[in-house]
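Shown next as structure tokens: one chain only, the form predicted alone.
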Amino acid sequence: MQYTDACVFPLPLGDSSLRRMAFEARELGFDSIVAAGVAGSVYRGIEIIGGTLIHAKETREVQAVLRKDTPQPSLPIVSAGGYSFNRAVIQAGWAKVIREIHTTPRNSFDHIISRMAADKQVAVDLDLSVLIQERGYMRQKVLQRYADLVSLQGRFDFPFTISSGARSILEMKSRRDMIALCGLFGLDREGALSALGNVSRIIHREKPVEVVA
């Protein structure tokens, strides 16, 4: 299984170079990282997967970003919004990963969208940086939201990804640390390890066989 930190932010979005973050990821037990705003490459045996982060309020903005030509295919990662937005983005297959659900209303990702995400195999990213950064009530709110997502995932089996959300090497987490943090909201070791392997599955998923008459 290829273990991946599903979102890090190298320079210029963060404070550390892409190569330094790739090297650190290897030391922390990862095979690959999704790096926001860069092209894919390989550095010292670590696969660097380019991630296109899309922050949009309307679906036409998402389409506009995806239409732009890029030098290499990248992983489309869309920030969650309201119910209608999330449903449209997932149903259309524009996103491979949807993140920041914890910032949206609870009803923005319900059982209907959960089933749709499972059918389309759109992953929900669990950004662990917010568990470190938030305090008090806000941290408890994120923990509860993630626990709700774990409950939905148990019923509908949509994929999770897990990210450190690191903007420097000091914020990157080891596989062991990520698994421990996931335990805070009810995602067990087996589930966390599976989630850490889902980026590779999403990227390398076989296309359906097309029968030509």
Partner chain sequence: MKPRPPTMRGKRRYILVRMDPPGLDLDGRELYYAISESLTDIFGDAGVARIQPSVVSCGEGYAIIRCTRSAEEKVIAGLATVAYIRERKVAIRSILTSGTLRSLRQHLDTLRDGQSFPERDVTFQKRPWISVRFRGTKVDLFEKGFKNQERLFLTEDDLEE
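On a predicted model such as this, the values are computed, not experimentally measured, just so you know. Numbering follows the first chain given and starts at 1.
We do not show the form predicted together with the partner chain, though everything after this point is about it.
You can rule out all but one of 148 to 156, 31 to 39, 173 to 181, 51 to 59: in the predicted complex, only 173 to 181 has residues with a heavy atom within 4.5 Å of the partner chain. Although the partner is absent from this view, V65 stays clear of the partner chain in the predicted complex, with no non-hydrogen atom inside 4.5 angstroms. At the 4.5 Å threshold, heavy atoms of F185 stay clear of the partner chain in the predicted complex, well away from it. With a 4.5 Å cutoff on heavy atoms, L11 counts as touching the partner chain in the predicted complex. Looking at R20, you'd find a heavy atom of it within 4.5 angstroms of the partner chain in the predicted complex. Although the partner is absent from the chain shown here, none of C7, R115 and D127 has a heavy atom within 4.5 Å of the partner chain in the predicted complex.
Contacts of stretch 135 to 150 with the partner chain in the predicted complex, defined by any heavy atom lying within 4.5 Å, are made by R135, R139, listed in sequence order.
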